[in-house]
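Next up: just one chain, as structure tokens, the form predicted alone.
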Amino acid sequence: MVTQKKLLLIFRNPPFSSSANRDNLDIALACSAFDIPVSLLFLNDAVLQLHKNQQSHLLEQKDLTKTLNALEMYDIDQCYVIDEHLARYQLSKDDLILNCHSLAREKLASFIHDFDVVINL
């Protein structure tokens, strides 16, 4: 019997800074199509990608809000943020478009270690 590998995608970039966030989401959706369990971790400035009130039209750029909101339809519902990173931007979990689990920074290394494959863009 083959055991399914667990995949963690780490988001590190703020919204609109590069294509890395979109690339990570594309990987997540592709893995979901093949029933590969995917978890998402938003670190540092990437927590801003989850903020409910993004105004991408001011930058004339497309935000990822619709794609992020669709993740649950693809059975991608394991999303994580670091408490300290939310606090840095004075955000609470209620300010986020996804229902994320929060982690203490001290537990980050052991959390990442639990995954078979980690992609860090």
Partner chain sequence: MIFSLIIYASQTASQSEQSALRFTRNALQQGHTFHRIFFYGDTVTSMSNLKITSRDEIDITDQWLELAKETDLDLVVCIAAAVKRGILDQQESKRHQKSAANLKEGFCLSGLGQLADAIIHSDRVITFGN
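Positions refer to the first chain, counted from 1. What you see is a predicted model, and the numbers here were worked out from it, not measured in a lab.
Form predicted together with its partner chain: not shown, discussed below.
Though the partner is left out of this view, Ile36 does reach within 4.5 Å of its partner chain in the predicted bound form, counting heavy atoms only.
Although the partner is absent here, Asp26 sits close enough that one of its heavy atoms falls within 4.5 Å of its partner chain in the predicted bound form.
Mapping the unseen interface onto this chain, Cys31 counts among the residues with a heavy atom inside 4.5 Å of its partner chain in the predicted bound form. In the predicted bound form, its partner chain sits within 4.5 Å of a heavy atom belonging to Ser19.
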